[in-house]
Ligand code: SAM
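One chain is shown next in structure tokens, namely the form predicted on its own.
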Amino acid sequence: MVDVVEIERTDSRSSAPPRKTWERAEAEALYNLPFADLMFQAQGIHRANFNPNHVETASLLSIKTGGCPEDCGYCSQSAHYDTGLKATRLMPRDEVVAVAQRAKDAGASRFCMAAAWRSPKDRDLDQVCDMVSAVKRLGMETCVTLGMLTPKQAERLSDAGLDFYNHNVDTSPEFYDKIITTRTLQDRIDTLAHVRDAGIKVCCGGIIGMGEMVEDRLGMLVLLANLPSPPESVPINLWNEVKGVPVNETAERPDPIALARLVATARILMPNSVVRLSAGRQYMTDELQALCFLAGANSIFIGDVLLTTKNPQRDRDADLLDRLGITSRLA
């Protein structure tokens, strides 16, 4: 009989003390468990912390597209690469609110707004704060991703009522400089600290399938789990094919079982975090998505487009969740 890796839970139903740090070797041992044992542990932890038959639904809008000065090697919005994407100005607030209302009507409970900046200028932040406050008045949770923030900027967003700030670490510390040179990993960690200090919840994850090794994927999860407070939301993105970016030369779509193993490992390392299947779901079969939900994923983006890439149709999502007996705001 195969031994199951012992872990300490952090949920309120357990008398065990919170797990403070994870070692890479521990994450690798979990990931490499026989598949049934790994899924059993992940599902047990998931049930201890969440309703196993509910999936959170969110909607994502690019409020300022393209022209970003960063050189992230996977991104269609970087000004360093010819991706055929036309840069746009920041959207007017009323247009953003109208899109948010439609997203709410379609079943989204959280509305995420993304702007392709290295960091926002104060005049732009004024407008984003107005958007956040207006979307909050619709009764939705709010999230933005605007690049790097100063402590003062994070406080202003908090004052506007922002619930979540998305700022992904993207990959492991070892692989990071293979895909980005214009912003360090420490820059990202510093912004996360500013967001935390301002009382805003953190949405932070990464991308898989860019040519990294399994060890890099696990290194990313360990980095997130060992932050002073793990992110409340952990998006796991599959690399989306983008014309003209360097990652095209190294990208390889992950094996489906490897993806399910990664989701299960994320659930075990971060028991109280919402794990979101984010970009790349259009490449996933219904069966793979079901396996990921069983492994502990409990959030998806709805809508036909995520920033500049495709996303499954709303009807397909509603049909899948209905067949699985999973509830959401979709109806």
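For every residue, the number given is its place in the sequence shown, counted from 1. Just so it is clear, the structure is predicted and the values come from calculations on it, not from any experiment.
The same protein has a further form, the form predicted together with the named molecule, not shown here; the description that follows concerns it.
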Check your understanding: Considering K178, R188, H194, K104, which brings a non-hydrogen atom within 4.5 Å of the named molecule in the predicted complex?
Key -> R188
Check your understanding: Among A115, L149, V132, A225, which has at least one heavy atom within 4.5 Å of the named molecule in the predicted complex?
Key -> A115
Review point. With a 4.5 Å heavy atom cut-off, would you call A251 a contact of the named molecule in the predicted complex?
Key: no
Check your understanding: Can you check whether L157 is within 4.5 Å of the named molecule in the predicted complex, heavy atom basis?
Key -> no
Point to revise | the named molecule contact in the predicted complex: V242, any heavy atom under 4.5 Å | key: yes
Review point. So in the predicted complex, does any heavy atom of R93 sit within 4.5 Å of the named molecule?
Key: no
Exercise for review: Heavy atoms, 4.5 Å, the named molecule in the predicted complex: which of 93-101, 194-202, 140-148, 254-262 makes the cut? Say which one.
Suggested key: 140-148
Review point. Is every one of R183, I207 and L238 within 4.5 Å of the named molecule in the predicted complex, counting heavy atoms?
Key: yes
Study note, to complete from the structure: Checked 160-185 against the named molecule in the predicted complex; residues with a heavy atom within 4.5 Å, sequence order, are N166, H167, N168, D170, R183
